[in-house]
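The form predicted on its own is given below as one chain in structure tokens.
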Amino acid sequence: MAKTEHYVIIGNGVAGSEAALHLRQRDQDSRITMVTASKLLSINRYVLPKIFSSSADWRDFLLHPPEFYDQQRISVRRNTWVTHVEPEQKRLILRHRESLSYTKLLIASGGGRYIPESLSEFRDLMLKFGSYEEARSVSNALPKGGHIAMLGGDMIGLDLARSLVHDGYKVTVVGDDYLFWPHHVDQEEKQKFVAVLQGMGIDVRSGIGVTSIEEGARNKPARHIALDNKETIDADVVLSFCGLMPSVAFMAGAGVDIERGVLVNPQLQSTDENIWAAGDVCQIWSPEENQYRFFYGWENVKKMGEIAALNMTGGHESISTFQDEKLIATKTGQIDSPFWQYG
């Protein structure tokens, strides 16, 4: 009698949700459990900028309606934190001291905001924007037509910036090393793209650092930022967009190779034969570049979920590690990035 697999997925973002769907399509008899720290079902973080619309409802951000999980027999453990993985016993240890066994495990825990050392002391004065709850907090803190300051200026932040400017808000981006991350652009190219952003109505301060962030004075915006060129910025909200830090702390001691993220081969399998990884949490071996690297954006993350599911159910498909990731200034005065392309 064939054994019934228990696929466990840590994380309920795009990669994890896509994997769960394809696992069910390929294995009708299996158990599928998604474990997430979020209190909500899977959301599409790529459409979070829409939260500033007065008509936005939390249901608009769901990847699937609630009944989808019942129909597909996918169990979702929300508000549940994994503290560590015990691969020899094939089980997870959860924060509330419960253990959860698996036969095959997918790490799709994504990543949180990265705060550079130079900004770490101001962490508590900057809001987050990675989840629905965090985005709602930003929306509540930002008055209509208010001013938001973004430090770093990665592509996730710039996507939000262009949406905010379109909706009538003022946006100032202070960035240098992380401006346009994860794209790699030289200084000449950077100035060209900065000019495009300014043409879109975004105030960009390139090559300038932050010396301090303080609470705003009475009857002033909530935050006061001092720059190293002696200028200051008063803003209602400050956000850091300096790239992502993979969420892998719970994998410490699990015996799986980790650099910044979980190291996997092009089939998304880790150094443990029963553990795969997909999405922003994994570094994939690229034969073309002879190194492990991250692949970001909706299309990449979604495809990883599909390929991980295929290979967890006996397939042997590789993700494409040769991709055109160029940043392009369009003739219409916009910026086009593959990291902004989603369905």
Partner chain sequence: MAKNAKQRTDIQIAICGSAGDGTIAAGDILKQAMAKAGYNVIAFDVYPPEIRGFGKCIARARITSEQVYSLKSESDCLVSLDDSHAIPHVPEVCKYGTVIYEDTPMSEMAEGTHISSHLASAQLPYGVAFREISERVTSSARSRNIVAVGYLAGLYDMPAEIFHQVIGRKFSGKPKELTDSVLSAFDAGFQTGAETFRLHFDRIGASRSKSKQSDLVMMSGNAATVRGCLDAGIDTFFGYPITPATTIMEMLAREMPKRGARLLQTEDEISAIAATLGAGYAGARAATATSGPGLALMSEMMGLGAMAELPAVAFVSQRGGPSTGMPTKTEQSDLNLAVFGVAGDGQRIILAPTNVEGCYKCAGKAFEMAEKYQTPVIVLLDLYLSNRYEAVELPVENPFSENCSKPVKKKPGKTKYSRFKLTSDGISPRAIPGDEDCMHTVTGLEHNEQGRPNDQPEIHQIMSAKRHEKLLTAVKHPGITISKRFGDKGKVDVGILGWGSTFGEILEAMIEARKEGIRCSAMKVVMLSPLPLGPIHAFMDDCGEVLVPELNYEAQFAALVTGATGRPVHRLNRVTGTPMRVREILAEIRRLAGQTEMIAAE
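All values derive from a computational prediction rather than experimental measurement. Numbering follows the first chain given and starts at 1.
Although it is not shown, the form predicted together with the partner chain is what the next lines describe.
Although the partner is absent here, residue 136 lies within 4.5 Å of the partner chain in the predicted complex, judged by heavy atoms. Although the partner is absent here, residue 47 is not a contact residue: none of its heavy atoms lies within 4.5 angstroms of the partner chain in the predicted complex. For residue 98, a non-hydrogen atom is located within 4.5 Å of the partner chain in the predicted complex, even though that partner is not displayed. Residue 132 belongs to the set of residues with a heavy atom inside 4.5 Å of the partner chain in the predicted complex.
The three marked residues, 40, 57 and 78, each reach the partner chain in the predicted complex, with a heavy atom inside 4.5 Å. Listed residues 298, 285, 69, 52 were compared with the partner chain in the predicted complex; 69 is the one with a heavy atom within 4.5 Å. The candidate stretches are 285-293, 61-69, 302-310, 270-278, and the one lying within 4.5 Å of the partner chain in the predicted complex by heavy atoms is 61-69.
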